[in-house]
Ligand SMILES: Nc1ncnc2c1ncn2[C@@H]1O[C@H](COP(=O)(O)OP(=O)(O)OP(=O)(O)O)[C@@H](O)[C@H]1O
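Just the one chain here, laid out as structure tokens, in the form predicted alone.
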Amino acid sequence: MLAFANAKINLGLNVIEKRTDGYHNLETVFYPVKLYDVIEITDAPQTRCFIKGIDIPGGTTDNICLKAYQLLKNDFDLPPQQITLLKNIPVGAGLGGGSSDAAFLIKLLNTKFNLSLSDLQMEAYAGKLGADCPFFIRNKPVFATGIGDVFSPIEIELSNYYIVLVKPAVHVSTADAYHGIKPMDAITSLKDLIHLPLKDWKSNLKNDFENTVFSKYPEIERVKNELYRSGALFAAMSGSGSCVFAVFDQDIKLPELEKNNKVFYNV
């Protein structure tokens, strides 16, 4: 069985406060985009994971897909599976690729073995693997709070626009992104700002990680600036980086950005 696990972008991101457990509360909007990893599961003598495409840090023995399989295996009598992952979503880019892979594997196993798990039950399993992982179970736009793990549905539709992703040749760790962050309550909640006309997003929506990340990786800021120079209605870093996305009102090609970056069109 095959699944196409899509990426997400963050439409705005405000770091609200540091928690007593060391994590941070934030608010953001998760929006699914059409950039996919491909996952296949087949019956096999033993459970193993094979990864093709983009290299993933770490070995295949501790891949998040294997962790997702094991979570369900603990509660259900699942036979061994060969998991083949074709990795297209850039790693360390703020696009949620690993979380999506795990969530879609849970959905694959649920379908293949008739586990009859509800969305809520699958979200509970996914939540054990990552804060944003449950988002990919229903895979619809949400306003996210808490550590990015508390979701409420939100009506937003960008299908009439052209979304471009640009991935510079740098990897931003979460620790790098949080270094120097000064949590602060948003004057106006992103839940309200997101409903402004798209032309007003540039002056109202922000990603709090950009200041700290841009200071360490100026090439990411240069990408954002070039996207605006190319006519983007809105551009921002996704999550904690390093990918920058842009929303255009027409189809576009960006040959200058293609020289030093990976560019994904019409996602």
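Since the structure is predicted, the reported quantities are computational estimates derived from the model, not experimental observations. Note that the rigid core is defined as the largest set of C-alphas that superpose within 1.5 Å between two forms. Heads up: residue numbers just count along the shown sequence, starting at 1.
Another form exists, predicted together with this ligand; not displayed. Remarks below refer to it.
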query	finding
4.5 Å heavy atom contact, residue 56 to this ligand in the model of the complex	yes
Contact test in the model of the complex: residue 140 vs this ligand, heavy atoms, 4.5 Å	no
Partner contact for residue 168 in the model of the complex: this ligand, 4.5 angstroms, heavy atom	no
Contact test in the model of the complex: residue 63 vs this ligand, heavy atoms, 4.5 Å	yes
Heavy atom within 4.5 Å of this ligand in the model of the complex - the one residue of 106, 95, 83, 190 that qualifies	95
Heavy atom contact within 4.5 Å of this ligand in the model of the complex, the stretch among 168 to 176, 108 to 116, 151 to 159, 73 to 81	168 to 176
Did residue 178 shift 2 Å or more between this form and the one not shown, C-alpha, core superposed	yes
